[in-house]
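One chain comes next, on its own, written as structure tokens: the form predicted alone.
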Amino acid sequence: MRMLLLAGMALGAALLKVSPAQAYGVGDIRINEILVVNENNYEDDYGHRVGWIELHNTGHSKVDVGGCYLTVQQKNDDRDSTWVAYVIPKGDPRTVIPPQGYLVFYAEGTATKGTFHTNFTLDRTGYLALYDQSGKGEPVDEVTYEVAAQQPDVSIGVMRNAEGEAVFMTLPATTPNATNEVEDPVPPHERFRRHDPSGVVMTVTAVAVVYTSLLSLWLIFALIGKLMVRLSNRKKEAPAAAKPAAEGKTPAVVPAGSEGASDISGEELAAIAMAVYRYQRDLHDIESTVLTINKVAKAYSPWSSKIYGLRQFPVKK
């Protein structure tokens, strides 16, 4: 029992050490962007152009900033400085920032125009801080800037540098109620122009492409031409090779006594001639000159016969 009591006391002490910012999620709120000199930029609800402050919820749960403090170190005419704090009113549902959401406050110098109008301006200070609902301790977030260096309609805010670190710097464009990581889309030809302002790379690339294409076409047509010549030569050589073979199939009769003739006697030649004569005579048909016409009697007549369309006369016997 005593151990449970001691554990409860330790847990209570730990909870008491938790700051209200941690308890209510205000620790996820950051000062994301501010515009000090507003001449032709974002207007407030009354149509006035004044400096403004943008808060950003970097967490993944909604956070109510009602009761938090926006504090500046305001410089007076006598070169003294005073701390001016604006308490964000509680109970206004519009002060709830959704996850990864944004909320804009107008630094107009009067607190009588509504929840989002602060009682200080940004052109008389160089320090802005956000405190939790207690208003004490370390600020949740703070920003230091030079008022004299601010340009009209040019805001400063959180953005990642070349090393990937999130720093407060001059932004390329004002982005109220939106992320600061916005870059104007650059077309491909513009990016190429920036990398090759003189046009040398473009010229060399174009010439190389043209000559490479022409060389490729020349090689293709040369190979095709050689292939067609080979095929044509093969077609010409095939009949020339087949002609001697065909001529060799028919033996030539060489007369006796001529060059290359074999030793054949006269009787043999006569027998050969007689055999050739009889062979050629037997090839023709022997036809007679007698024509024979036979009458064919049919037992029926087809349906298309003309006898069905003629009148039959009686036969007298």
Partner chain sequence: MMFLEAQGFFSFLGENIRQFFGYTGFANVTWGHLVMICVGLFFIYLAIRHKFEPMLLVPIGFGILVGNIPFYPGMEVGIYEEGSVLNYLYFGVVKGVYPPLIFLGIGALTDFSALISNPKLMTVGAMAQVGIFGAYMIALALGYTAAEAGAIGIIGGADGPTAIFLTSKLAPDLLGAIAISAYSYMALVPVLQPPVMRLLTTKKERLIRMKPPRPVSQNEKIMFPIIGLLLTCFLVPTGLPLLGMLFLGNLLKESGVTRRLATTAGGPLIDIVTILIGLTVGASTQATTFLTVKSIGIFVIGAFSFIIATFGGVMYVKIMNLFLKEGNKINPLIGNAGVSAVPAAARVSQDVGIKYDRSNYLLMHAMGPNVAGVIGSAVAAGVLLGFLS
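This one's a predicted model, so the numbers in the text were calculated from it and none came from an experiment. Numbering follows the first chain given and starts at 1. By rigid core we mean the largest C-alpha set that fits within 1.5 Å across both forms.
The next section is about a form of this same protein that is not shown, the form predicted together with the partner chain.
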Selected contact from Leu214, Val147, Ala166, Ala238, since only one has a non-hydrogen atom within 4.5 angstroms of the partner chain in the model of the complex: Leu214
The single option of Val182, Val207, Val96, Ala178 touching the partner chain in the model of the complex, heavy atom within 4.5 Å: Val207
Select, from the options 169-177, 104-112, 132-140, 199-207, the stretch whose residues sit within 4.5 angstroms of the partner chain in the model of the complex by heavy atom distance. 199-207
4.5 Å heavy atom contact, Ala85 and the partner chain in the model of the complex: no
Are any of the heavy atoms in Asp92 no more than 4.5 Å from a heavy atom of the partner chain in the model of the complex? no
Does the partner chain come within 4.5 Å of any heavy atom of Gly225 in the model of the complex? yes
Is there a heavy atom of Arg234 no more than 4.5 Å from a heavy atom of the partner chain in the model of the complex? no
Rigid core fitted, then: does Ser232 show a CA shift of 2 angstroms or greater between this form and the one not shown? yes
Superpose the two forms on their rigid core, then report whether the C-alpha of Arg194 is displaced by 2 angstroms or more between this form and the one not shown. yes
Has the Cα of Leu219 moved 2 Å or more between this form and the one not shown, judged after a core fit? yes
